[in-house]
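Only one chain is included here, represented as structure tokens and corresponding to the form predicted alone.
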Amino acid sequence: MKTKLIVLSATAALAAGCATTPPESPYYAKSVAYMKAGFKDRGQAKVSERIEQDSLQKACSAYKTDPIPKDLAESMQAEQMATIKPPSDGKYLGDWKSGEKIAQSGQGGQYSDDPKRPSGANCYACHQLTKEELSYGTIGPSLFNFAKVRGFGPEIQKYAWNKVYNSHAYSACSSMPRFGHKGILTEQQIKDVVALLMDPNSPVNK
């Protein structure tokens, strides 16, 4: 057990080091090589998806400890905005009750999860959404009364859709997952989460 804990600690340290070390650093390549040697594809957890970075992630790693230059941040946000696909039927709202279940679920992405089952968004891990839920994270802002404060109109609905689909379109290097861009949630699931935020009958807006 002691040996296992040491290995797990070392793995975690390598992962953290890779996330905070600029890609041009020689240590970055070594960290990636060590992790690729230690990690293997297992179930739906693929090495390429966990370790290899796209252009956005590489840029964010490069500025992990420094402010991103304004012009670069704007360019990154524009690039991510271009990835957002609107709902195929033009309707942004689904079922808020299903959206609440998705917000509560952390299912999906792990090797032991059934890939045939839908993933969750795990929204409460970072946000407050309803006053009934007492267990929530504070990494992200509170979303309680989201539409009650901002309005229920189509522009806010579109904003909510875009934000869930790819939050980096509004804030480069956001901590929020790119739920639509990375295929974590389906189109219908995103609609349901947006309904949770926007529906006047949702507990978010009570």
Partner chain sequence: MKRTWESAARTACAVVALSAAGAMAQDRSAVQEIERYRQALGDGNPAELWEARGEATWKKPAGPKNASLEKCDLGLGPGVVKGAYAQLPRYFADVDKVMDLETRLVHCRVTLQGISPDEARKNPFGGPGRKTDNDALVAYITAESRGVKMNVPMSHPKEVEAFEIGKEMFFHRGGPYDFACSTCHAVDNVRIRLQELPNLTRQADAQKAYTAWPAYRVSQGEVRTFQWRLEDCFRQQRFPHLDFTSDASIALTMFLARNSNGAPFNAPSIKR
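Values in this document were obtained by computation on a predicted structure and should not be read as measured data. In this text, the rigid core denotes the largest set of C-alpha atoms whose superposition between the two forms falls within 1.5 Å. Numbering follows the first chain given and starts at 1.
Another form, the form predicted together with its partner chain, is not on view; read the next lines as being about it.
Not displayed here, its partner chain is approached by G137 to within 4.5 Å at the level of heavy atoms in the model of the complex. By the criterion of a heavy atom within 4.5 Å, K70 is excluded from the residues contacting its partner chain in the model of the complex. The closest non-hydrogen atom of C173 lies within 4.5 Å of its partner chain in the model of the complex. The closest heavy atom approach of W96 to its partner chain in the model of the complex falls outside 4.5 Å. If you take 89-106 and check each residue for a heavy atom within 4.5 Å of its partner chain in the model of the complex, you get A103, Q104, G106, in sequence order. Positional change of Q157 between the shown form and the other one stays under 2 Å at the C-alpha, relative to the superposed core. After superposition on the rigid core, the Cα of S31 moves by 2 Å or more between the shown form and the other one. For G43, the Cα coordinates differ by 2 angstroms or more between the shown form and the other one after the core has been superposed.
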